[in-house]
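Next up is one chain by itself, shown in structure tokens, the form predicted alone.
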């Protein structure tokens, strides 16, 4: 990994370099939120000073919300040809890169998901560190700093960006943009970098205490507050859809009206939905909303650690912003800690 400099005056040229590698996507405003949108011209590529967190995370590029796995007739089936473009996503915060690293573990450790891998190989990540948002608590989840999983990573140090090169693809981008990326990093870069990190760390507002939460999930699994949350929960599934590490999906065979042809589709699902744990005979393993909430938070804060070595909550705060009845990591931890 090496460090380079990108001058702010050359920032406008970055788009022309990146589009040589594929479609360029970046956070763009949509109403009061941000989404990842395709950038069609260089003037629209904005690298924000603050941390911009699109409401639907990077996972949408890796696992589409709905796609066709195969088409079939009574005698044969065919797999649709997919034209998956290389996608360059700019401005990805550190916590979301941690989320992609978690998805990489999930989809490749026990069973390799080829649908995921095809898209992962065509994804280029340009990370960006910025001023944290109000609901962000990645400093508590140890995800405010990232050392792998990106191709380039930018730090805004005033009149230039400090650029870390994290992969061969990142190095290829630097070579293509040799006229804007410079190895002549200013001598005071270390001082500016330390000052940037210090000021950013002071900017966090959300001070949730995650110490000991893994053990508390076990000790308070039958605590009465789960029923309180269950009474409030709408089972809308918004928390799972915006969570950057949620992986649940369903597979259905969608038949044409004639019953002769059809297609097998895979789409995002949610363990918050009542039918998620429904099995043959109409038995439901988690019929109550309290049980479904416990499943989700146990997975995020405890079970994932036992299998993969780290929690699957990256502190992005999307669940805080999205849940209409104030059920999220912070309120659950507060209940567990009294």
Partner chain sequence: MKKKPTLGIYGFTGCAGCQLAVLDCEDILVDLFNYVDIKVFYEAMSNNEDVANVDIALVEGSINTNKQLNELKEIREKAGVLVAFGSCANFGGIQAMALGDGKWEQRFTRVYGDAKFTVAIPREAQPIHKFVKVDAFIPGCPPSTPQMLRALTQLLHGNQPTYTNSPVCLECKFRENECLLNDGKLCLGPLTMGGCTAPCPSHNTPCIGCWGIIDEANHTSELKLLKEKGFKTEDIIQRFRIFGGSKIVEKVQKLLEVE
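Positions refer to the first chain, counted from 1. As the structure is a computational prediction, the values presented were derived from the model and not from experiment.
This protein has a second form, the form predicted together with the partner chain, left out of what is shown; the following refers to that one.
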* Counting only non-hydrogen atoms, which stretch in 88-96, 227-235, 201-209, 150-158 is within 4.5 Å of the partner chain in the model of the complex? -> 227-235
* Indicate whether the partner chain has at least one heavy atom within 4.5 Å of a heavy atom of residue 181 in the model of the complex. => no
* Mark residue 252 yes when one of its heavy atoms lies within 4.5 Å of a heavy atom of the partner chain in the model of the complex, and no otherwise. => yes
* Closest heavy atom of residue 292 to the partner chain in the model of the complex, within 4.5 Å or not? -> yes
* Asked: According to a 4.5 angstroms non-hydrogen atom cut-off, is residue 49 in contact with the partner chain in the model of the complex?
  -> no
* Identify which of 192, 105, 265, 118 has a heavy atom within 4.5 Å of the partner chain in the model of the complex; exactly one of them does. => 265
* Which one of 124, 162, 174, 242 is close to the partner chain in the model of the complex, taking close to mean a heavy atom within 4.5 Å? -> 242
* Asked: What residues in 269-302 sit within 4.5 Å of the partner chain in the model of the complex, counting heavy atoms only?
  -> 272, 273, 274, 275, 287, 289, 292
